[in-house]
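Before any questions on binding or motion, here is one chain by itself as structure tokens, the form predicted alone.
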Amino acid sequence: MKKKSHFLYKPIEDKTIVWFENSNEYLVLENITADILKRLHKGISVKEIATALAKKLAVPLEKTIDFILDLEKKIYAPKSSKKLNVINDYRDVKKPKKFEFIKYYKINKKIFKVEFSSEYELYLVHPKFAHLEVDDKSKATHTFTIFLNHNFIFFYVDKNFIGAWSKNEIHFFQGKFSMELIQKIHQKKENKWMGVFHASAVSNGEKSILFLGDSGNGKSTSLALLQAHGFTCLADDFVPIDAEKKEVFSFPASISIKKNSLETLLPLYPELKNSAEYHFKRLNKVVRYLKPNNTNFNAHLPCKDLVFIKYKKEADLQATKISKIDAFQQLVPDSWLSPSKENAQLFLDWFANLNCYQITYSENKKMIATVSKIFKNEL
């Protein structure tokens, strides 16, 4: 007996985005394909669907039957699950009695105590949050514990086990650390978040814009430039959006600045000259961290605009609206999206109402002026 799948459908432009509850996956389908899927889900027979489709498209019945059977096989085929070599009996894992590093970070009025068993774990977290470090060790609101055991990173929050990850899955641990942090900062459990996006979020105090782009395209550099010209950094790299308000919430991490951006940014941020440099071999990049100018990490603002930004040497500025479908296909793969059906519907509805742009630039002033126009709905 095949497992029943549940779907959500959202027509956008000339396509249909389909969400699959069993796998929490999104696919962009042609409208005819989405319609077949709806009919299969309603229990209509393959032959009946194929007959109607063959008549509509004026193609042989055998071809439409084969097409529908192939689609049905792909949709209902069981997903292969990747087996992880994680230690299953966590009761045998003992937390260290002593920690080599203990850091205290102040976010709004809360003090976060973070225990690191070695410099390796410290390196995974501290650089992004070093600007929040305080000496106040009296009353920690929450305690985060991170230690290495049998080559796995173990993570506890307030003595509650959160998870364990191999060294090949460090980015998953870092994402979970940030997820636990925003839950505590904003007092919202994981199921209250619509999604988290690998983007930068900038605000003008009234609303926010999301900036996206492949690594090296200048996303964080653009954010730093905008921050120096009166805009506020809400979040960099990890942008959470809640389910209730569908708004971008502040995240207190620093802005990561790559080495090739220093020449542009040093006149604006002389502190970068002597700031620590971090080498991330896995990502093949060297970065320094810039303190965000946000002073209110409780802030949350609506977002109606998505901008794919790219710095290109000697390029004339180009700023155009782009296909929402193209934007969707670039946004989703690098995002964490809530697996709940209710939140998936909220995400589809939110996305359908976004304006999507592409900005290519070489002159910083023109880029800043263009972003100002987007904030004013003038582009």
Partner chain sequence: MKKQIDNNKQISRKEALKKIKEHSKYAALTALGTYFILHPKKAQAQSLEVPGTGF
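What we label the rigid core is the largest C-alpha set whose atoms superpose within 1.5 Å from one form to the other. Numbering follows the first chain given and starts at 1. A quick note: this is a predicted structure, and the numbers were derived from the prediction, not measured.
Below, we turn to the form predicted together with its partner chain, even though it does not appear here.
J.: If contact means any heavy atom within 4.5 Å, which of 322 to 330, 306 to 314, 349 to 357, 40 to 48 contacts its partner chain in the predicted bound form?
T.: After filtering at 4.5 Å, what remains is 322 to 330.
J.: Which residue among N204, Q174, N108, N149 has a heavy atom within 4.5 angstroms of its partner chain in the predicted bound form?
T.: In short, Q174.
J.: Using a 4.5 Å cut on heavy atoms, which of V114, L301, V196, A164 is close to its partner chain in the predicted bound form?
T.: Only one option qualifies, and that one is V196.
J.: Quick check on F297: any heavy atom within 4.5 Å of its partner chain in the predicted bound form?
T.: Flag for F297 set to no.
J.: Classify F280 as contacting or not contacting its partner chain in the predicted bound form by the rule of any non-hydrogen atom within 4.5 angstroms, answering yes or no.
T.: Yes, contact at 4.5 Å.
J.: Could you tell me if K259 has a non-hydrogen atom within 4.5 Å of its partner chain in the predicted bound form?
T.: No - in the predicted bound form, heavy atoms of K259 and its partner chain never come within 4.5 Å of each other.
J.: Contact with its partner chain in the predicted bound form for D237, defined as at least one heavy atom pair within 4.5 Å: yes or no?
T.: The answer is yes: D237 has a heavy atom within 4.5 Å of its partner chain.
J.: Could you run down 19 to 56 and flag each residue that has a heavy atom within 4.5 Å of its partner chain in the predicted bound form?
T.: Residues within 4.5 Å: S23, N24, E25, Y26, L27, V28, L29, E30, I32, T33, L53.
J.: Comparing between the shown form and the other one on the rigid core: C-alpha of K310 shifted by 2 Å or more?
T.: The answer is no; the displacement is under 2 Å.
J.: Verify the C-alpha shift of L71 between the shown form and the other one: is it 2 Å or more after superposing the core?
T.: Indeed, L71 is displaced by 2 Å or more.
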